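The chain below stands alone and is given as structure tokens, in the form predicted on its own.
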């Protein structure tokens, strides 16, 4: 560089500095102040270039951190979606509806009931009633330890919805503890057909469908004497 204590082309160089700073402010971090003159203004130009270098480094570092955070957030969101899907799948598997006899569906319920699971259970049962055309459904809650008011109301809605689709819903397996809870909560189940055991519910359903006559079960294949349910 040409050494000189006088500032040459000061106006032009200052305007150039302003243009460079404006470009940096607009996002162009590759631009730098170019000068072949060495004088008192050269130190300012070099300082500005160093400042732009530091700013570029910090900005790139910040962008990288932001991209890493966004990537982690996407992974967390994907994991949450997977967990939610697995929970929904487990809900579906925990509420299976099966056709166990001609015109008879059974939905065995095991474990704690909550509003979400009860809703899925109701949807599965109603869809199965429609797809099979069965007119009798047994909802067995032998494996349910307890129910609350909300769950009991869902059961009532399930029975009512099944009736609207032309199917009678039988609730079996109400334990003494659940019976006491229902009475204590003042829940009216008088409009629901209940049976003490799944066996009693099956016998009732088969009699209703004229499949159990004089101790024999009429099937499409053979007659079975003294059936054990």
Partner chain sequence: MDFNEKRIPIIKIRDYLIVSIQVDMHDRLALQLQTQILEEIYRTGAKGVLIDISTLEMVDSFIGRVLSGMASMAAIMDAAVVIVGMQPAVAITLVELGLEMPGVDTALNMELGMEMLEKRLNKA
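Given the structure is predicted, the values throughout are model-derived calculations rather than measurements. Positions refer to the first chain, counted from 1.
Not on display, but discussed next: the form predicted together with its partner chain.
Heavy atoms within 4.5 Å of its partner chain in the model of the complex are found in exactly one of 106-114, 67-75, 143-151, 128-136, that being 128-136.
Using a 4.5 angstroms limit between non-hydrogen atoms, residue 122 touches its partner chain in the model of the complex. In the model of the complex, at least one heavy atom of residue 164 sits within 4.5 Å of its partner chain. Its partner chain in the model of the complex is not approached by residue 180, whose heavy atoms all lie more than 4.5 angstroms from it. Its partner chain in the model of the complex is approached by residue 157, whose closest heavy atom lies within 4.5 angstroms of it.
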